[in-house]
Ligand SMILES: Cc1ncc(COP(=O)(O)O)c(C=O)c1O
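Only one chain is given next, in structure tokens, and it is the form predicted alone.
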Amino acid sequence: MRHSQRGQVDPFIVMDVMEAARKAEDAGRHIIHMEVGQPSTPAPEGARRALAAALDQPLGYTVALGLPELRRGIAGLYRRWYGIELNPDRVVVTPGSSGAFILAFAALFDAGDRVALGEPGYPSYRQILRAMSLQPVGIPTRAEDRYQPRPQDLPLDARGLILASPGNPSGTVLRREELAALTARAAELGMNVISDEIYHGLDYGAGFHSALEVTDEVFVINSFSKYFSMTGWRVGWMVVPEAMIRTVERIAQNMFICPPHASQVAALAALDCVEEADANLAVYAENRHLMLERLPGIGFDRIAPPEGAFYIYADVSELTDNSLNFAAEILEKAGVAVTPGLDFDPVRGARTLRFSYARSTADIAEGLDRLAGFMDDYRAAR
């Protein structure tokens, strides 16, 4: 059987690391998971209770853009977080943020269009673009710019721009004035902008701003996966300009019919579970403190400032030029799963690693102890 060219995307390396860790666990080993950006906590209790109460009712198709009450609830979140009065009609509920990216790319771009994105960046941007016959254009970012693109770096011939704040893998945040400058430059160049804001709410003092604060001509993507601790529920959302609502609706009707009804019921209740979500954030804050306190002494001292999300992105070029092998060695010898930077930067990622601190504080502390022992042995062997 003949393969399509657009189907020949790169693997999502962190998922391969997860599989290697699973095999090690099946063999009886205890693995500390610092590879995947997944909270260790369950969905909020209120969300789980709401779904349990709904299970005796039919959970069938909803309208394509999502339950109206959920769309209104998400609009209320923008009022609460950003002071933005958002028309709920502009909110599109999606099967995870991944579904939102597919809808956004289909609505905004034609086959062959070039779409710019900062590197390092979330790897699935590139792979979804390629699978849709679009051409990702990497913008090499710099540590001194917190691994975020600058307006002067935007390519002149791209049709689109993907921004991410807080970024993955860096955890760095775009300030309001930076969002304004980037979106203004993109408008000058005729570029459609997509702003990935999936880690909003996970803030350690730097604050966070939505691109909607500076322009309405943007597709903003978010999800219940991170702040609301609902990764496996696969429910995200997108805010689109009013002129694009019907276009997105038609695509959503045909591609997905609707987001999962059960997940939407839980998501609606989760919006009110702020106390529980903030308690999880306090755990991440403690984990972040531990990481920043101990990683430099262990040997990982060249890191991006982790202003949001739950990641540490480390330059390990003094230790290795093959992050894939280095991560595999850490897993094998220390029982700690970390992500090679090649997932996020195909050019420079062979010299970087990403550490996630989304697990329990006890796990993070043990993982750091194991990393310290590994690095002592690693240095002794060099």
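Numbers follow the displayed sequence, beginning with 1. Remember, predicted model here, so these are calculated numbers, not experimental data.
Separately, the form predicted in complex with the ligand exists; it is not shown, and the next lines address it.
**Report entry** Options 208-216, 90-98, 139-147, 264-272; stretch whose heavy atom lies within 4.5 Å of the ligand in the predicted complex
**Finding:** Careful reading of the contacts points to 90-98.
Query raised in the report: Just one of T183, S225, S195, N287 has a heavy atom within 4.5 angstroms of the ligand in the predicted complex, so which one?
Result: For this set of options, the contacting one is S225.
**Report entry** Position in contact with the ligand when the complex is considered in the predicted complex, options R176, R234, R294, R130, heavy atoms within 4.5 Å
**Finding:** Contact with the ligand in the predicted complex is made by R234 alone.
Requested in this report: Would you check whether the ligand, in the predicted complex, lies within 4.5 angstroms of a non-hydrogen atom from each of Y313, T352 and F355?
Outcome: Looking in the predicted complex, the three residues Y313, T352 and F355 all stay beyond 4.5 Å of the ligand (heavy atoms).
**Report entry** 4.5 angstroms heavy atom contact with the ligand in the predicted complex for N168
**Finding:** Within the cut-off, so yes.
Report task. Look up in the predicted complex whether Y122 has a non-hydrogen atom within 4.5 angstroms of the ligand, and give yes or no. Result -> Yes, contact at 4.5 Å.
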